[in-house]
Ligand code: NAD
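Taking the form predicted on its own, here's one chain by itself in structure tokens.
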Amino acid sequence: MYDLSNKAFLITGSTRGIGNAIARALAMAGATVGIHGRTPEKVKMACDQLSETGKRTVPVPGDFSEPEVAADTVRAFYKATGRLDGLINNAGIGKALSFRGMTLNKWRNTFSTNLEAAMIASREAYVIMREKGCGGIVNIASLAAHGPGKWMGADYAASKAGLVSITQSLAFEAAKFGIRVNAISPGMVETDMTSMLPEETKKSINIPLGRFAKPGEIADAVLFLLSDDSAYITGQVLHIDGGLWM
């Protein structure tokens, strides 16, 4: 449906789950994809799996608990490919935790990975894209960004709300340089994180469409937001939640 040949995209947090589905979808559309994760071993494994399909991958490991590493990751990908057509900020951490159990260290750790690393990666990508006069950034936020962190902690919800705010701030500034910035707020998605939920809990969430999203359904939306079909869309947050936000 989309032809992204001769383009290069970096997807953070792409060794599994939503990020890996995004990397696969972009690769199948002809793009060169940057695979990022904390450990070189998992990054190599994800690259090897995609390389078996004949697609070009670039390994860029880095631990985003140290946010400045995100800048090195973007620069390493750009150096390896010679271009950067898009950045997908998907790397994130989260664990259900009651507010009374929240500590400042836990709060800061979540913000370092989910928000600060995304900000720094976006800044580096923005600098590169400005010179070219085009490009796209898609931030993977969460339904939790738009209300209470019902299924995740307050730290997770607040960090994702910050990511939505960054999306709109950068979109406003970058538009005059031909750079579009959007976000996706997924609801419940079939990933390793949600696989641990009991079936009773899943049913009690009462998703109008009656099921969790597949990672590929999030990836399809990312493809759209990075394609020319969305050339007039920026600063938007797309809810992909099966109607849960209603």
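All residue numbers are counted from 1 along the displayed sequence. Computed from a predicted model, the values in this text were never measured in an experiment.
The following text describes the form predicted together with the ligand, which does not appear among the structures shown.
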Partner contact check in the predicted bound form: of 183-191, 48-56, 26-34, 198-206, the stretch with a heavy atom within 4.5 Å of the ligand is 183-191
Exercise. Wondering, does I93 line up within 4.5 Å of the ligand in the predicted bound form on heavy atoms?
Worked result: yes
query = If you check in the predicted bound form, is R38 within 4.5 Å of the ligand, heavy atoms only?
reply = yes
May I ask you to state whether T167 is within 4.5 Å of the ligand in the predicted bound form, using heavy atom distances? no
So in the predicted bound form, does V138 come within 4.5 Å of the ligand, heavy atom to heavy atom?
-> no
Those residues of 146-162 with a non-hydrogen atom no more than 4.5 Å from the ligand in the predicted bound form are Y156, K160
